[in-house]
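Have a look below at one chain only, the form predicted on its own, in structure tokens format.
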Amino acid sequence: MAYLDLLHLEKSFGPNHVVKDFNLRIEQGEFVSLLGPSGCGKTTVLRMVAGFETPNTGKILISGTDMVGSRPNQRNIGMVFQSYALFPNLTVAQNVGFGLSVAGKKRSQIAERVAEMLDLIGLADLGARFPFQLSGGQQQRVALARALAVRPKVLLLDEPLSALDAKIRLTLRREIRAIQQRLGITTIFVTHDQEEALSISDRVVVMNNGLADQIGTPFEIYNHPTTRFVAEFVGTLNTFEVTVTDPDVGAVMLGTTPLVLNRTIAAQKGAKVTLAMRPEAASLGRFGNMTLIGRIADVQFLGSIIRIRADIGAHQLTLDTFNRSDMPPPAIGSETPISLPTSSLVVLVK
């Protein structure tokens, strides 16, 4: 049994089946992200864990105790909302200590804990300010400190960075991860931003239409997607429709070009399947045993990365290569060999 078990959760709103047989086991101290597009059910799962929504069926176990039926204030769960939800008439220190006051803690205990939290988030000298006197990033830090002040068993983060600009988001997500690791608190993070999920999570749950399409480490999710939805939703992807000619050795036809993957394909001869590959897996030049000739259609300079788009017959391939000052990118319209490592080609059959 894990520290937090979500077992066969189902949730409907009228005729809309929002969450379908959702199962997830989270170990103590683990940071897990729920990743998916709007409407996939990720926030509904979070709200069921928090107690703001009641599942139609299923269990929510924390240390073996089923929390379904318990009120939110009985679950000892901290939650950080997308909108911060700070009390405008309370100071920063009063906001952080609010949950402790409600719990009836002594003033001396509250003051000590608030000072500890403000120091943790780097705002020790701003306790007397009001929320309107803070930046968006500072307000989010206060919301995090308030959630952590009550020493929750589980921390829930509902797209807490979506309202911030890109630079602050990057800094704050690093801080959130560092604080989570320092405290060892079990955390569920909801986001639609794939980079956020991949960069700070121990594991990622990719949700689609109320279901967990795939659960795995960021490495597994990115490099070994198990469904077409996961492959296309997480990161940039090249896809090629091919025809299976020999499933035992992984032989396929890409248009009129034969390719051999040297591994079994779970499809019949003549079946149409999709080959998927990340842009960084392809290389300019001849390497290995699978090389195609492409005509350069577009070159985008992205700083450390150069993104190249090449036409291979009727198909189009995007590849990323590192920028090197001593090696200019190929000219548009030129033809060049492009190598595709067979180990990086993923077969998607659904």
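This one's a predicted model, so the numbers in the text were calculated from it and none came from an experiment. When you see a residue number, it is the position in the sequence shown, counting from 1.
There is another form of the same protein, the form predicted together with a small molecule; it is not shown, and what comes next is about it.
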For this session: Check whether residue 43 has any heavy atom within 4.5 Å of a heavy atom of the small molecule in the predicted complex, and answer yes or no.
Result: yes
Exercise. Does the small molecule get within 4.5 angstroms of any non-hydrogen atom of residue 338 in the predicted complex?
Worked result: no
For this session: Indicate whether residue 38 is a 4.5 Å heavy atom neighbour of the small molecule in the predicted complex.
Result: yes
Exercise. Residue 18: heavy atom within 4.5 Å of the small molecule in the predicted complex?
Worked result: yes
For this session: Spot the stretch among 338 to 346, 21 to 29, 8 to 16, 323 to 331 with residues whose non-hydrogen atoms come within 4.5 Å of the small molecule in the predicted complex.
Result: 8 to 16
